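Here we start with a single chain on its own, the form predicted on its own, put down as structure tokens.
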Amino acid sequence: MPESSLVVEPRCEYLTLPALVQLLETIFLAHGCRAEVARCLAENCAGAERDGAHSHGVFRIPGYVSTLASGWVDGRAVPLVEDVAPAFVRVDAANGFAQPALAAARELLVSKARAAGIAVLAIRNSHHFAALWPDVEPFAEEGLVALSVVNSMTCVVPHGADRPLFGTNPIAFAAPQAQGQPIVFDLATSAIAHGDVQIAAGKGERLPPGIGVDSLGQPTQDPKAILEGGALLPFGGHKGSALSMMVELLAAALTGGHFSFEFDWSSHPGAKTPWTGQLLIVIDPSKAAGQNFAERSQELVRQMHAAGLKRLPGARRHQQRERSLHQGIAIAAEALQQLRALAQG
């Protein structure tokens, strides 16, 4: 085999989930986060890495660190939880991260959902730099249905427009089923997640057609051209664009957060996290009429398999989670060396 055709796999080390959480928590503590925030972010990033969601795992850590160093986000912020209506909770994240704000309001949100059958959590003044499915999956594990949306920084051109306006604006959904893991999906309303574009650029890979445009508005498959003055496109043309608009309205207009185009981080070199908002809707399906919801979910899954579907949304993550449980979480040696250096402050 010619030497040029050889593929050299990076050397990896394998960490348990608790070991990776501890390492990441040390990094966040060393770079200005209070203990509760550090733990919350560490568990989120480590869980994403465990499940193979690499664009939102340890890949994100340097961005977190540079953002904290820039003063753009407050790693010591204490969220203010506001009980404003029988089925509505507001949280001011105080220019901190969204996950600690969710954690602070979670008990109240669940109690309202169980009492009223449905409850809404509106988080504003917050930074979300992670995968969205970890925010909803725990609710499904408790037998609840959860839907969440979050907007991000301007990097997506609305369908039919000529300049970027929306963020990647993901939507995440989770529902219990009677047997097995919850049904969970997390999708960007852009044609691809922004983190995946960054990873492709770092590897020198080309993207499929229809992903984005360059600085002149011309279609491109070069991820660097998208990142350097270009923009992403919505998935599905006008359909994805409409969903992205919906996310802006729910995550920003309804919560009191910033639209994707309303914040300016130019005076904070190194800032990476969008300063926007997040909305969660949690439903208690036990209040619905008819058969048990989890059993109905199970029947839908059975029929999907019977129709020939080989893999459900989220199944690959759950498979990787099982492998990581037995083999450990593979971290490239170079990346692990960088993480350990960051842990020194």
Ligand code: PYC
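All values derive from a computational prediction rather than experimental measurement. In this text, residue numbers run from 1 along the sequence as written.
In what follows, reference is made to the form predicted in complex with this ligand, a form of this protein that is not presented.
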Revision key, fill the gap. As a check of understanding, the residue in Arg39, His31, Arg50, His56 with any heavy atom within 4.5 Å of this ligand in the predicted bound form should be identified as His56
Check your understanding: Of the options His194, His258, Arg90, Arg106, which one has a non-hydrogen atom that comes within 4.5 Å of this ligand in the predicted bound form?
Key -> His194
Review point. Looking in the predicted bound form, any heavy atom of Ser244 within 4.5 Å of this ligand?
Key: no
Check your understanding: Does this ligand come within 4.5 Å of any heavy atom of Trp275 in the predicted bound form?
Key -> no
Review point. Does Phe129 reach this ligand in the predicted bound form, with heavy atoms at most 4.5 Å apart?
Key: yes
Check your understanding: Even though this ligand is not shown here, does Ala122 get within 4.5 Å of it in the predicted bound form, heavy atoms only?
Key -> no
Exercise for review: Quick one: find which of 249-257, 205-213, 186-194, 107-115 has residues within 4.5 Å of this ligand in the predicted bound form by heavy atom distance.
Suggested key: 186-194
Practice item. Determine the residues of 135-152 with a heavy atom within 4.5 Å of this ligand in the predicted bound form and present them in sequence order; the list may be empty. Key: Ser152
